[in-house]
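Take a look at this one chain, the form predicted on its own, written out in structure tokens.
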Amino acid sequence: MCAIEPVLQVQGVSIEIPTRHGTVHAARDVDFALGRGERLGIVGESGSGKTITALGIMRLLLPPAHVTSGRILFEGRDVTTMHPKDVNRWRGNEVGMIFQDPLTSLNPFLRIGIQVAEVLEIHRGLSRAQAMAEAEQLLRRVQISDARRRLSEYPHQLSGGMRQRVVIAIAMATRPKMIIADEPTTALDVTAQANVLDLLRDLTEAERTSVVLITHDLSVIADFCERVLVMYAGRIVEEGSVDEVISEPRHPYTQALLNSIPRLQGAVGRLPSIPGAPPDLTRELQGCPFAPRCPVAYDRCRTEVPELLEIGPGRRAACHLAQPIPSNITLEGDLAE
């Protein structure tokens, strides 16, 4: 768990989505804290519960999705019980969110300058002239060249990397205490991805802004974050410092994610993959949700859901075999019987 002053505490949060095929248990008893100025990564496959947990924290869930249990505390205030007007002020003034696709995050019919200035007018009470002047400075701060000219351009006239910089400028305009970045580099090439991460790191370090970075890529986590949560089937299955989790994973799923990262050295061949598919989230858990895909699963794994337990200072794992997983384990062979 977080060892420094927490700005965010997520306590036993579960999120469900009723559907005609049954209730989807999108997040199950999610519990973690985010320290002031800390960069926390949340990693997992698509459908693991990363994004919906973030949307739950931000009070952006669309019905029928809803939080069924737990508390979300921001500096001691319970976000789940806030009045909607207070939530809108909170989202604009104290927290910000960066979404995956900057092209859909920006209004295609409005010029860039208007979109940046609008945040400053609403949440900081600036006049239009003041907001436009501040918007130009914000674009310079996120290293957009010829910022004054860019104010009059539309989103489609900018590159993907520039659009994401504009989204970061909007998110940082009110100097929030926390930013949630949901796969902010997925739509970018490798060079633009590195530039955006460097920019986000520099900006948040300067303001001591806490960051939750959501991604499916552990290499991005390793480059940007200090601590990581690994999610699978709506649950946290491992937590620890980035260095510890990458060098000594305690859950087979974490090891599987590490195995799937491309290497620049060694023989060229097929990348390791995880056999099988994630579980049906409309069903109640009968054992470890990863057991059908796990190479070291045994009888207990199929009948008893492992608790998320502390296994060391700042380390937690939800595995009946919460011990160092040998690095030579791959998931391409036969599964354990």
Partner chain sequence: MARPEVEQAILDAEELAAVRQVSTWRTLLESLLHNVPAMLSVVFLLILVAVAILAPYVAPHNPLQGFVQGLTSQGAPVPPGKTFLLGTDENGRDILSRMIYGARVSLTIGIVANGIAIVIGVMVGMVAGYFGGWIDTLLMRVTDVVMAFPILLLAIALIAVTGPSITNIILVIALIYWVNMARVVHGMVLSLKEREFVTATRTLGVGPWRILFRHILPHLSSAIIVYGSLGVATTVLLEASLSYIGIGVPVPMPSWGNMIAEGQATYQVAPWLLIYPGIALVLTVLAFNLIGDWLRDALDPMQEGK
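Computed from a predicted structure; not experimentally measured. Numbering follows the first chain given and starts at 1.
Keep in mind the form predicted together with the partner chain is missing from the figure; the text below concerns it.
With the partner removed from view, the residue among H83, R208, R128, R77 that has a non-hydrogen atom within 4.5 Å of the partner chain in the model of the complex turns out to be R128. The partner is absent here; in the model of the complex, the one residue of A33, L285, M58, I311 having a heavy atom within 4.5 Å of the partner chain is M58.
Only one of 191-199, 150-158, 227-235, 250-258 lies within 4.5 Å of the partner chain in the model of the complex by heavy atoms, and it is 150-158. The partner chain in the model of the complex comes within 4.5 Å of no heavy atom belonging to A277. At a distance threshold of 4.5 angstroms between non-hydrogen atoms, R91 is in contact with the partner chain in the model of the complex. Taking non-hydrogen atoms only, A133 approaches the partner chain to within 4.5 angstroms in the model of the complex.
Although the partner is absent here, H123 lies within 4.5 Å of the partner chain in the model of the complex, judged by heavy atoms.
Across the proposed site, L62, D101 and L110 without exception bring a heavy atom within 4.5 Å of the partner chain in the model of the complex.
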